[in-house]
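In structure tokens, the next block holds one chain alone, the form predicted on its own.
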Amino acid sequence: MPFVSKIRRQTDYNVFPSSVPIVIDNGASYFRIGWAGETEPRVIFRNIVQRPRHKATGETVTIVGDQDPALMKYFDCTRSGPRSAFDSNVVYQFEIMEYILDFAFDRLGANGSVIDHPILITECVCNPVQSRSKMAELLFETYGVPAVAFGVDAAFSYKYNQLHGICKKDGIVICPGFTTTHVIPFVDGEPVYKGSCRTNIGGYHVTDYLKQLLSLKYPFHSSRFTWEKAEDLKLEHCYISPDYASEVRKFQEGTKEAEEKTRYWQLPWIPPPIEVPPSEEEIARKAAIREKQGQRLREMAEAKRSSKINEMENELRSLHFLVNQLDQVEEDDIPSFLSDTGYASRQELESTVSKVTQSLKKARGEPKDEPEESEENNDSLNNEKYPLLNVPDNMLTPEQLKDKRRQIFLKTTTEGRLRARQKRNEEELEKERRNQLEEERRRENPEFYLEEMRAQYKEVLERVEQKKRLKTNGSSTNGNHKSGGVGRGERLSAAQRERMRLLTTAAFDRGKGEDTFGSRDEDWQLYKLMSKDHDEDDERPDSDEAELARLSSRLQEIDPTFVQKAEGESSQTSGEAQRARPLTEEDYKIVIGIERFRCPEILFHPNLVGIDQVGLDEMSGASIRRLPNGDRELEERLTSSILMTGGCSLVPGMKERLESGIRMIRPCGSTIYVVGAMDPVLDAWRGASAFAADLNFLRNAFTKIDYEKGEDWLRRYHIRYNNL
């Protein structure tokens, strides 16, 4: 199984005899391993395992400990995140624990599969016997360890500092660790586990809380707030305030002291490129290109127009030729001649000639013929096309009456189309005339014309928005309804409300007794009233919207700075437009103010993150009350020697806050003395190393034979720290 890590492998494993124990500080955050009697562990790495796949080969690789970014870029980590063998402070994933031990023994220099050295490994306070049994089984069965000893990390740290005169034989050790916090009282140099306390909060929760606060505060940069970066920010900037409420008040009021305590983290920012306006040469070049393209389009249009005129001239010559030929044909041969040419009568041929002539004049730009002549031609054509229109009905057979009705319908439809076409032509002429007048006004005074158009656009836009608001919110103005909080009836139009009133009236009138609706003629009048549209009709096109579209199109032509309002956008500046602004250098500046002391405050008030447990100061009082005898002198001795150990005890302000918190729960005049460990991170391993270096160490260890006695024996097992 391949391993990847930044930890260098040791080479002096065979120098140590088999009687020298191996000391392991198995913490939830870091794993430390070394030899007994030394002051520093040989190998330290993160107590995590990750199993990604190689991007090139697809092979699954086991990565233990710290992840080197230079190597991680070759692996696909999307499906495999970092995993820990711990749940809170208890080992429960022994498959992961085996990977970690393999890696640790390999980096320590072990070559074979058997570890022939006794092992002292740390555990949490009151570790469950199942976890202790599994760990012993893993060491005995997998690695062939001759003897194993378990000890509490916080107890080793307290005894190590006691040897150096930092604390006394009677005292309390407070150990805020990675995921849990423990408080253990010591009496005559031995830990009293019956008085110990545990809270499920530690440095991991502080880091995670800081990460969440910064991600919510700066959502644009949430991807930059990784757990590792939040850990660095916590170690560099966080502190514990002496009085949380007063410290928060300082930041709320924005005092000078709060400004001095605020820290800034500037993220990399690249200014956006400055848009340089095009030069005169560039503008002239683009104008020349547009003119060239326009000339090409005009030439293509002229060529197409000339081709169309030629086609119509050829068609007109052929039609004149047919007319001349028709004049030379005798009356009896005219029907056969017309059938060969595809025309039904002479009038149809002459009508086609007239139409082609008019189209040719229109294409050439010449004026059309007088309307009287065209109307006479149309009348003659109608008489030829609809011969039964002027014949009385009493002179027609039933079949001819049907044909006459059909001809009347066709004539009416055709005339309606002609009238609609004429109306459209008149509207186009009116529109063209109005555009010409507006263009003349614009040329006379362009600035005044532009301001007038903008004012008209704003006025029409307000009317359209007002209509939309009335349609959505209704016309109620009594102050009881606001936008978005109206009933369905107020959102209906006037016509729809009238229909609803008629329906409810009919239902009320017919709601009792037998339903006889429809038996009388006046009942059916209700349907006519319901189907009749009133003054306000939703389907009717709105003239204001058409005018708004016309003004928008006109402003886009004459005003290059005009931006049309999007549908549903208010005339005022919307929040979306504000959020869409480009990010500046100020947006890339991370301000860490109240977060500096708000995050570590959860060690004293876990309820800030939803954990209903007590804080560090209250844990000390609870631990003292759990002691078997309520001796006041013993309590005084305990509170006069309080040791802080563990990674979170390095947060500035921890000592002062603990002293003030414990003083509030102790009787007046009690001696309170809190001291920090020499090295809160490594003192647990150093204390275990000193304990394992003692000649009596093997008396506190047990072998595989002792382990096979059962879990009851293993539950009663504990070492004597007075040997240290």
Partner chain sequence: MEAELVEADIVVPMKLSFKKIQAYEKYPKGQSRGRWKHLKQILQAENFQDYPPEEPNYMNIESAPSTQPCKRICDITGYQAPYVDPRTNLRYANADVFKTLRSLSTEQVQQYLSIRNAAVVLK
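Residue numbers count along the first chain shown, from 1. Model, not experiment: these values are computed from the prediction. What we label the rigid core is the largest C-alpha set whose atoms superpose within 1.5 Å from one form to the other.
One more form of this protein should be noted, the form predicted in complex with the partner chain, which is absent from this view; the next part is about it.
With a 4.5 Å cutoff on heavy atoms, residue 56 counts as touching the partner chain in the predicted complex.
For the chain shown alone, residue 387 is not a contact residue for the partner chain in the predicted complex, no non-hydrogen atom being within 4.5 angstroms. Though the partner is left out of this view, residue 61 does reach within 4.5 Å of the partner chain in the predicted complex, counting heavy atoms only.
Using a 4.5 Å cutoff between non-hydrogen atoms, residue 239 does not count as a contact of the partner chain in the predicted complex.
With the partner left out here, the partner chain still marks one of 449-457, 193-201, 265-273, 340-348 in the predicted complex; by a 4.5 Å heavy atom cut-off that stretch is 193-201.
In summary, among the residues 178, 225, 209, 588, the only one with a non-hydrogen atom within 4.5 Å of the partner chain in the predicted complex is 209.
Residue 213 is the only one of 322, 166, 213, 136 with a heavy atom lying within 4.5 Å of the partner chain in the predicted complex. Taken together, 95, 111 and 610 are fully in contact with the partner chain in the predicted complex: each brings a heavy atom within 4.5 Å. Shown here without the partner chain, the chain has 102, 103, 105, 106, 107, 110, 111, 112, 113, 114, 115, 124, 125, 126, 128, 129, 130, 134 in 101-134 lying with a heavy atom within 4.5 Å of that partner in the predicted complex. The rigid-core alignment places the CA of residue 668 less than 2 Å apart between this form and the one not shown.
Relative to the superposed rigid core, residue 57 undergoes a CA displacement of at least 2 Å between this form and the one not shown.
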